[in-house]
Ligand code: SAM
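In the form predicted on its own, a lone chain appears below as structure tokens.
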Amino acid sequence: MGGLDLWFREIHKDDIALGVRVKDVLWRGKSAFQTLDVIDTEMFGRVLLLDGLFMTTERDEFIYHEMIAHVPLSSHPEPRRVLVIGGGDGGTVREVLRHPTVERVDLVEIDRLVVDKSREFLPTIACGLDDPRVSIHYEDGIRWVRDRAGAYDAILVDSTDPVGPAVGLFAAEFYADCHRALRDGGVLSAQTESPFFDREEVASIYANLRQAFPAARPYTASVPTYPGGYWCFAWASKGPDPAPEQVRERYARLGGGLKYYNPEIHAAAFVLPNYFLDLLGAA
């Protein structure tokens, strides 16, 4: 008799799904906020699931984490203090620490279990969490940002989908608080869902974001394990857009080793298809 053929499927909006063959279930549990699973798969290696949804995988995590971190930080002349909201797996923090000007990173993650299990099962992603420049705070990012006017050069919102405890991370009030928490010239990035499958959510997110950041712009990347593979992020700033030569200079200071992000990708990521532009116009 043959062995078991085990698959995991992420169901997105009841109409589409992504399936992966499972080698092993490494951990299953539940925190006060969500269910958490770590599975080992044939195609993507180890995978972190929250409430049955792909959060990060060993094979393609570099795309998401490089893009949410390096696009905003390469847009800032000298980022020193950085806030990461969510991102308890540590991948965004790892990328932030590549920037030689960074002196302090505050990681605000509501769920300690995400950090603990990422350290245990995803060490190549969580490897930056013990850096002395990093302070981890197990708190609600919405509350955290309210009382920190002018505290940060960059805020990176590495959140889950806009459901459950993450809903408030996509609200106009939260973006206004982020604007106040940024210093002059500060930058913000945030993951903002699929412009193809999450049209209503994306339109609402950018309508909210532009109440606080009139110059907010979306940019995109191809992340295979997210619905449709075409994912968008928000870039917003309290200063001007970066000049191309500035981005190239910042990239040179990263010291190599990146697998997705480069200055050409930085520029191209802001080029949007017409259906996405129409969606933003409707917003």
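From a predicted model like this one, the values you see are computed outputs, not experimental measurements. We number the residues from 1 along the sequence you see.
Here the subject shifts to the form predicted together with the named molecule, a form of this protein not shown in this document.
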Consider His65 of the chain shown here, and say whether it contacts the named molecule in the predicted bound form, taking contact as heavy atoms within 4.5 Å.
yes
Any non-hydrogen atom of Ser194 within 4.5 angstroms of the named molecule in the predicted bound form:
no
Is Pro165 close to the named molecule in the predicted bound form, meaning a heavy atom pair under 4.5 Å apart or at it?
yes
Quick check on Ile136: any heavy atom within 4.5 Å of the named molecule in the predicted bound form?
no
Note which of Ser237, Thr41, Thr220, Gln34 lies within 4.5 Å of the named molecule in the predicted bound form, where distance is taken over heavy atoms; exactly one does.
Gln34
The unique member of Asp111, Asp131, Glu201, Asp116 whose heavy atoms fall within 4.5 Å of the named molecule in the predicted bound form:
Asp111
Quick one: which of 93-101, 178-186, 209-217, 138-146 gets within 4.5 Å of the named molecule in the predicted bound form, going by heavy atoms?
138-146
Mind listing which residues of 158-179 have a heavy atom within 4.5 Å of the named molecule in the predicted bound form?
Asp158, Ser159, Thr160, Pro165, Ala166, Leu169
